[in-house]
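This document opens with one chain alone, in C-alpha cells, the form predicted on its own.
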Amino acid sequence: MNDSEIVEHLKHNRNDKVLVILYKNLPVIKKMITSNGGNSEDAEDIFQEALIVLCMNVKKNGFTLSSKLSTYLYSICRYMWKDELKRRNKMVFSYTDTIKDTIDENALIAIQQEEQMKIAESVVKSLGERCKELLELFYSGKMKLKDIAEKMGYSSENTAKNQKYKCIETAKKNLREVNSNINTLTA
C-alpha cells in the first residue's frame, strides 16, 4: 500500500491494515527517543500520540502530503519528543547531533533533501510570475538571454540579464527570510 492509499484509508477511518503498516516505523522512533534521554515506554507513548495527530491532520480539509508518510510521522514524533524534553527541563533536542545516530545515512539525506525542496518551493512561489518564468526559461529551458529577451518582450539581452539578476537577488532575500524564520522556530 502506498502513502496516498494509506492517507485515503485514514481519512475514511479504515485504520486496521494501515496501523499495522504505520507501526513498522516504531523501531526508528524508539531509537531516536532512547538515544535522546527517553526509554521504550516514552517512545511508545509518543508514537501513539503521533498516530493520533497524524489521523487528525489527515482528516483536515486541504491536507496534502508533501513528503513521505514515514518522514511526516517521524517529524511529528521528533517535535513531540522535543516538547516533552522541554517539559522535563532536559537538554534541548539537537537535530544534527542525534538524528545521525538514529537513522541510517540514506534516510538522513532523504529527509534533508525533502526539507530543502520544501524551502526551495516556498522561495520560488514567493517570486512574481515574470521572475518565475524568466528563471524557468533560463535554468530549466536552457534558453539564452537573447532568446529570453525576445520571448518576454525585454528591449535587449542586457535588460533580460538585469532582470535575471534582480530575480535571483529577490530569491536570495526570500531564502534568507525563510531561513531566519526556521532558525527562530527551532531556537
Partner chain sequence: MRSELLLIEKIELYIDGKLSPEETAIFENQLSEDASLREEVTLQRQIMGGIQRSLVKKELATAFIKYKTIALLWKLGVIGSGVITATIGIILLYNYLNTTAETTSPSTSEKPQLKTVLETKDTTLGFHTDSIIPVSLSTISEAGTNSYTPDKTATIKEEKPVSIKGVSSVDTTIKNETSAPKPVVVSSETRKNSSAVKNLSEKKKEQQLSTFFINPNAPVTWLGIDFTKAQFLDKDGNLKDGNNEQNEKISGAYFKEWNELIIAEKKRYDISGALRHEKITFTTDHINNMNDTIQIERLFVPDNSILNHLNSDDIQNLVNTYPLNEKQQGYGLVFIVESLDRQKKETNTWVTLIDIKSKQVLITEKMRANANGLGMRNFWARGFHNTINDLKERKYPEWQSKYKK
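Bear in mind the structure is a predicted one, so any value in this text is a computation, not a measurement. In this text, rigid core is short for the largest set of C-alphas that superpose within 1.5 Å between two forms. Positions refer to the first chain, counted from 1.
Not pictured, yet referred to below: the form predicted together with the partner chain.
### Task
Only one of 68, 144, 151, 132 comes within 4.5 Å of the partner chain in the predicted bound form by heavy atoms, so just point that one out.
Flagged contact: 132.
### Query
Does the 4.5 Å heavy atom contact test between residue 122 and the partner chain in the predicted bound form come out positive?
Within the cut-off, so yes.
### Task
State yes or no: in the predicted bound form, is some non-hydrogen atom of residue 48 no more than 4.5 angstroms from a non-hydrogen atom of the partner chain?
Result yes; residue 48 sits at the interface with the partner chain in the predicted bound form.
### Query
Hey, in the predicted bound form, does residue 172 get a heavy atom within 4.5 angstroms of the partner chain?
Result yes; residue 172 sits at the interface with the partner chain in the predicted bound form.
### Message
Considering non-hydrogen atoms and a 4.5 Å limit, does the partner chain approach residue 12 in the predicted bound form?
### Response
Judged by the heavy-atom cut-off of 4.5 Å, residue 12 is well away from the partner chain in the predicted bound form.
### Task
Superpose on the rigid core, then tell me if the C-alpha of residue 166 is displaced by 2 angstroms or more between this form and the one not shown.
Shift of 2 Å or more: yes.
### Per-residue C-alpha change between this form and the one not shown, residue 141, threshold 2 Å, rigid core fit
Shift at residue 141: 2 Å or more after core fit.
#### Entry: Residue shift check between this form and the one not shown, rigid core fit, residue 41 Cα at least 2 Å
No, the C-alpha moves less than 2 Å.
### Task
Tell me whether residue 124 and residue 74 end up closer or farther apart in the predicted bound form, going by their C-alpha atoms; the shift is 3 Å or more.
Farther apart, by at least 3 Å.
### Task
Since the Cα separation of residue 132 and residue 64 moves by 3 Å or more in the predicted bound form, tell me which way: closer or farther than here.
Farther apart, by at least 3 Å.
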